[in-house]
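Just the one chain here, laid out as structure tokens, in the form predicted alone.
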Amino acid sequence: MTKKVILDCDPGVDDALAIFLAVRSPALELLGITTVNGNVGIDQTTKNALIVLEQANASVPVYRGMKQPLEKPLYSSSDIHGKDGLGGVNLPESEQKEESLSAPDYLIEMGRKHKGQITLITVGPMTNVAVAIQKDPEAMKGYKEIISMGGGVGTGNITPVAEFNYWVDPEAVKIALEFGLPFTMLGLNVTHQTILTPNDFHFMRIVGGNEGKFISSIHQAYIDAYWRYGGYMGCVPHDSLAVAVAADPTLVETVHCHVDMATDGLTRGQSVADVLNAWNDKPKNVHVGMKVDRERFRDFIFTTLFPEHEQAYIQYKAFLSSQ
């Protein structure tokens, strides 16, 4: 039985890969995509979601979300994802158009319609989710769970302690954390246990036809940024892990603990995860990802994207292990 999911995202190169995986995974039924300001502005993230779906030959409704955080000024990471959010690759616009309903209103509608059935996957700032909660908390209680790529335990990438998605709108994250839905947080401490190399994207280009070429081409600027800023020879598929865990929760080991969100001062944007249970009087509200099965996660990416080339992937893995 497939799991019904909605993907809230800010495409973004790693969001694009996550969209492909959500579309292709036989374990998931992607009901809709909601966009939010984040990696680039809302006009571009919405346009990019439609472009990625076109490249994936998929018809999934797209709903435009919030153009700015609840309180914080606008910020984007075009230095990482390219000015257009998709690596600066010249891509044709999609023939599909966005839906007229706003992202928060769509989330509310679906929470009411499919009570207890939908997993909400968030891989960008959580502004849409927070606005929907504030507008209609009863409807938002209708979601089965939230799986969120964001935050981290003891690490950051936009400040020494804050991860980008949560830092962009920490007030929204705090609202979501305190709302009471089952919540899984997949932060930098666990996503950085994985990496895709230039060889991986070359393999995609060889076996994946036009789709493999698209995925490979948009990641080139992303890979360059990882080398420039972190000395990585490759890139981390952050958002893909949230989709993978929705499809197979056993990919990641978690700790159930209390998580709070810092919204001011030096630590603004930090997800404070009490993995030591020092605050034993506070409720355990989040399952925090701590360890990922790297090999099975990589297998999920390649076999989901290119199931018809499973034998080629086995040969590629054998080649890597022989080096």
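Quick caveat: nothing in here was measured; it's all calculated off a predicted structure. Numbering starts at 1 and runs along the sequence shown.
Keep in mind that the form predicted together with alpha-D-ribofuranose (RIB) is missing from the display, and what follows is about it.
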(message) Just to confirm, with a 4.5 Å cut-off on non-hydrogen atoms, which of 119, 157, 184, 216 contacts alpha-D-ribofuranose (RIB) in the predicted bound form?
(response) 157
(message) Can you pick out, from 107, 149, 235, 244, the residue that has a heavy atom within 4.5 Å of alpha-D-ribofuranose (RIB) in the predicted bound form?
(response) 149
(message) Test of understanding: in the predicted bound form, would residue 163 fall inside 4.5 Å of alpha-D-ribofuranose (RIB) by heavy atoms?
(response) yes
(message) Within 4.5 Å, heavy atoms only: does residue 48 come near alpha-D-ribofuranose (RIB) in the predicted bound form?
(response) no
(request) State yes or no: in the predicted bound form, is some non-hydrogen atom of residue 35 no more than 4.5 angstroms from a non-hydrogen atom of alpha-D-ribofuranose (RIB)? (result) no
(message) At 4.5 Å between heavy atoms, is residue 123 in contact with alpha-D-ribofuranose (RIB) in the predicted bound form?
(response) yes
(message) Looking at 236 to 244, 199 to 207, 87 to 95, 110 to 118, which stretch has residues with any non-hydrogen atom within 4.5 Å of alpha-D-ribofuranose (RIB) in the predicted bound form?
(response) 236 to 244
(message) For a quick check, can you give me the residues of 1 to 35 that have a heavy atom within 4.5 Å of alpha-D-ribofuranose (RIB) in the predicted bound form?
(response) 10, 14, 15
